[in-house]
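The data below hold one chain only, encoded as structure tokens and taken in the form predicted on its own.
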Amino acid sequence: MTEDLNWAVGGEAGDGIDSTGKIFAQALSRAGRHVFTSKDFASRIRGGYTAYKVRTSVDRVESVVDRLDILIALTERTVEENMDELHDDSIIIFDGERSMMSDFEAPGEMFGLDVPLKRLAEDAGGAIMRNIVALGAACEVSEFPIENLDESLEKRFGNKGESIVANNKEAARLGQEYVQEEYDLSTPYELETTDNDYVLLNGDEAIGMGAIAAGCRFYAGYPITPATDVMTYLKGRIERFGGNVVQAEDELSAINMALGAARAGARSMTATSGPGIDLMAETFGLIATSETPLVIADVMRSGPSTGMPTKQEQGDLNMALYGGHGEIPRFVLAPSSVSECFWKTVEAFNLAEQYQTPVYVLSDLAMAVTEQTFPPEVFDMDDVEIDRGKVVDEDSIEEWQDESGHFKPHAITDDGVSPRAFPGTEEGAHMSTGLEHDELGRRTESTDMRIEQVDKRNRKVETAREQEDLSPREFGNEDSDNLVVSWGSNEGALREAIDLLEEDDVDIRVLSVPYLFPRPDLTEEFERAEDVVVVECNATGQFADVLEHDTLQRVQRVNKYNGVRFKADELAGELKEALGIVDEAEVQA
């Protein structure tokens, strides 16, 4: 029995690849197995190669690896695209009755399983169920109880009627029975089930769930890959808590609607990706100058321009840190896992209101589309705390009025945070503007007031540095001289890379940094280390540049920018190379 199994289904966009993969991932999760998924898909509705991969184990899995054990290939290109990951024990399930697969032969020592997917699906009620037939065949070769697949089919098709559910169950069994009857198989794969209970969700869903838990009551957005699923998740859910979702005509409208809702006192957010962030930049400055709390999720993808909308990259860091004209105080949080997408979104809403400033939640495509299992207690709602910041009411507003009884929404304070009065607060009427203003919110060109207001807004960041715990997460060997620093979705691959490196007697210490601005000072950590390597998915090493500026020390860089996330085994090799560690086998060669 293998410790983990790597399964995939691949074909053309429009072949139902995504729904097939989700059905199988859900079945594995419901069977008490850990799941970690990845997607490879083209930015088109039909045509172009697409694949859905699932890594599963009874133990926690946090990364993809360069190995594929079972492949459902709806096209011959699917096999070609995955040749680097297939191995001698791999099983390829295909339909030899399809013209495009009629001449297919499994390469090398791999085992080809020719199953008439379309014909069996028609026997069950319709050719549209051919992928479900393939899932039944996959259950047989992996010794996975098909009853667990039944539960997933019921969840997927239950709203379409009992007959549709029954037909799909029949299709799966026809696939299973065909393999039983036509092949005498002995495979190393056996998917053990457990009684464990897991939640399966992706990063976009976790951001949406975190927003609801944090008390978000208004979301405005415009569909853009890979951020759309945040809006999709919220629609139909946030309304149960008195909230609203608005699909705006573009990103400019979305952020301005969100700003308006925030000014009205609602916890509000928007989500977009690279091109959308560019469009939102002007309003971003208005949010900061008017001292309005707002959460903006930037789910990064390959850029610039339209770039590769369905491919991975962490290229928006500089935009998040410095984007916008003038000098704008802000917070930039970068969750490093699907579960942290939930918690960092909750934290973002608190920081936005505590410091009355915009907060970026910097996610990326890899987390957005990755579905991962977690124990339910990871999302314990009793642990969610809501802090609305320095809000005043009619009992406390007098302290923040001038001698004429006018409320000062931009009062100069030691910590940089002014009082906030929601609309309707007695004696709290005030104005606010994107023009430089005085304490009352009225426009001013006073040089002295300009300095006071700029300094006040910037003090928010200094206050946060003093009051908030911005510490990085540390794992690996704390005594190692090899320091690896990363941010965002690379953490899971790094955690598994540590285990692979330990097998080669290589130890590393890892710092994963979720707070990118304000961020921790890593100067002492760098001075302790002999070698420092920064890992990120962009071409220029944007975070490495930032850290070199902070610490005045040079670092090694492991950058990936081909549109594909890091894999654990790949990353282990890259780190050895960066650290100048040569394998004994290479020396002997």
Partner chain sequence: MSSDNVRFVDFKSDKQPTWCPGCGDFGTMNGMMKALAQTGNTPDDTFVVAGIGCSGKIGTYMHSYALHGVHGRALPVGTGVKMANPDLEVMVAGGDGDGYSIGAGHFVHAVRRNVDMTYVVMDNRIYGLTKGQFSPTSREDFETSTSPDGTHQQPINPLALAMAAGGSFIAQSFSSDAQRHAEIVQKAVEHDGFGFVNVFSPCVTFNDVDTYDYFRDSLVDVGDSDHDPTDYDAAKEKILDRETEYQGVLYQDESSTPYNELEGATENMADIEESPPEEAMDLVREFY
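Numbering follows the first chain given and starts at 1. All figures in this text were calculated on a predicted structure; none of them were measured in a lab.
Another form, the form predicted together with its partner chain, is not on view; read the next lines as being about it.
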Q: Report the residue, out of 459, 465, 406, 390, that has at least one non-hydrogen atom within 4.5 angstroms of its partner chain in the model of the complex.
A: 406
Q. Which one of 376, 108, 304, 326 is close to its partner chain in the model of the complex, taking close to mean a heavy atom within 4.5 Å?
A. 376
Q. Applying a 4.5 Å heavy atom distance criterion, does residue 125 contact its partner chain in the model of the complex?
A. no
Q. At the 4.5 Å heavy atom threshold, is residue 188 in contact with its partner chain in the model of the complex?
A. no
Q | in the model of the complex, residue 322 touching its partner chain (heavy atom, 4.5 Å) | A | no
Q: Spell out, yes or no, whether the shortest heavy atom distance between residue 480 and its partner chain in the model of the complex is within 4.5 Å.
A: no
Q.
Partner absent here, but in the model of the complex, which of 93-101, 377-385, 501-509, 139-147 has residues with a heavy atom within 4.5 Å of its partner chain?
A. 377-385
Q: Heavy atoms within 4.5 Å of its partner chain in the model of the complex is the criterion; list the residues of 430-444 that meet it.
A: 430, 431, 432, 433, 434, 435, 442, 443
